[in-house]
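Next comes just one chain, in structure tokens: the form predicted alone.
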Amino acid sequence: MAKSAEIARALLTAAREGPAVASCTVMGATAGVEVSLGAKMLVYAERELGGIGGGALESAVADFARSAIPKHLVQTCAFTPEGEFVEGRRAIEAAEAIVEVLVEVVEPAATLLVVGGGHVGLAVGQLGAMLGMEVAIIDDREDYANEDRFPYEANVICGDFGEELERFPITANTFIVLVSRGHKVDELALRSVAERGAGYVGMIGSKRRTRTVLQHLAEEGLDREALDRVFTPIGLDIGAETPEEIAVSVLGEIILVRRGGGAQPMSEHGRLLASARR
């Protein structure tokens, strides 16, 4: 069994440099259930470290945790001692015995790469920073790419878009927002990033303008499947108008991609209101 210090070191490594790991901690259990409160297991894509008691329960938690990694989940889950996942308050209350397990994916902070340092890029970066993302801003104009312009911590890069994007490290944990000053720059930027496996690529603009950009790149031979994964027009349909509202729309879509969900109001009244406005 892994020692606490070994687990702590593994969590620190995951948070700093990866790979992502799902930390599973026993938070509570029905009286009489033989499980140790605070027991912890780390679940990687292909192995586990530590344990929460073995048996069907541990196996079920590991399976759930492994599926949680690509979703970046943080969730308190309920299982029976026999390993059955129990969902919903009524089902949990009706169960004879329950073990509560906190499943939390630990990984390096997501990178938000904003191409364009204008008003929208400024707002998108600020909201991303508030959400704990590592923000990088690229623009080729010094007036729009200088540290004094950004009232939050960001890696501000001033230089040629093509050159800077080619050297920027992009992974599945990179979320790219193209909000530059025009479709020519967006097309250049998309050409540089579309096929590099980012977790999200979104491009601002009208359907007509963005369709033209995608068509040009397809004609150049860029991978059609990669182009089909571009989120454009960008953001959730919430009627956003101001740069700050557009930022909420864009980051809402990024959260949807990272965490999953239905992108619908959670209240019945909200769903009815949204439906009536379509």
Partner chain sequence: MPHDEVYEAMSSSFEDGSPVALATVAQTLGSTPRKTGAKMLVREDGTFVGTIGGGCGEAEVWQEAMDALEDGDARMVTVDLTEPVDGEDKICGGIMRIFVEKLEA
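Numbering follows the first chain given and starts at 1. All values derive from a computational prediction rather than experimental measurement.
Not on display, but discussed next: the form predicted in complex with its partner chain.
Trainee: Please determine whether each residue of Lys207, Ala240 and Ala274 possesses a non-hydrogen atom within 4.5 angstroms of its partner chain in the predicted complex.
Mentor: Zero of three within 4.5 Å in the predicted complex.
Trainee: Exactly one residue in Ala218, Ala45, Ala56, Met27 has a non-hydrogen atom within 4.5 Å of its partner chain in the predicted complex; which is it?
Mentor: Only one listed residue qualifies here, and that residue is Met27.
Trainee: Of Glu164, Glu195, Glu100, Asp140, which one comes within 4.5 Å of its partner chain in the predicted complex, counting heavy atoms only?
Mentor: Filtering the options by heavy-atom distance leaves Glu100.
Trainee: Verify the contact flag for Pro70: yes if a non-hydrogen atom of it lies within 4.5 Å of a non-hydrogen atom of its partner chain in the predicted complex, no if not.
Mentor: Output for Pro70 is no: heavy atoms all beyond 4.5 Å of its partner chain.
Trainee: Applying a 4.5 Å heavy atom distance criterion, does Leu12 contact its partner chain in the predicted complex?
Mentor: Judged by the heavy-atom cut-off of 4.5 Å, Leu12 is in contact with its partner chain in the predicted complex.
Trainee: Should Arg90 be counted as a contact of its partner chain in the predicted complex, where contact means heavy atoms within 4.5 Å?
Mentor: Arg90: no contact with its partner chain in the predicted complex.
Trainee: Is there a heavy atom of Gly132 lying 4.5 Å or less from a heavy atom of its partner chain in the predicted complex?
Mentor: Looking in the predicted complex, residue contacts with its partner chain include Gly132, since a heavy atom lies within 4.5 Å.
Trainee: Of these, 225-233, 59-67, 249-257, 30-38, which stretch puts a heavy atom within 4.5 angstroms of its partner chain in the predicted complex?
Mentor: Among the candidates, contact is made by 30-38.
Trainee: Do any residues of 71-98 have a non-hydrogen atom within 4.5 angstroms of its partner chain in the predicted complex? If so, which ones, in sequence order?
Mentor: The stretch touches the partner through Val74, Gln75, Thr76, Arg89.
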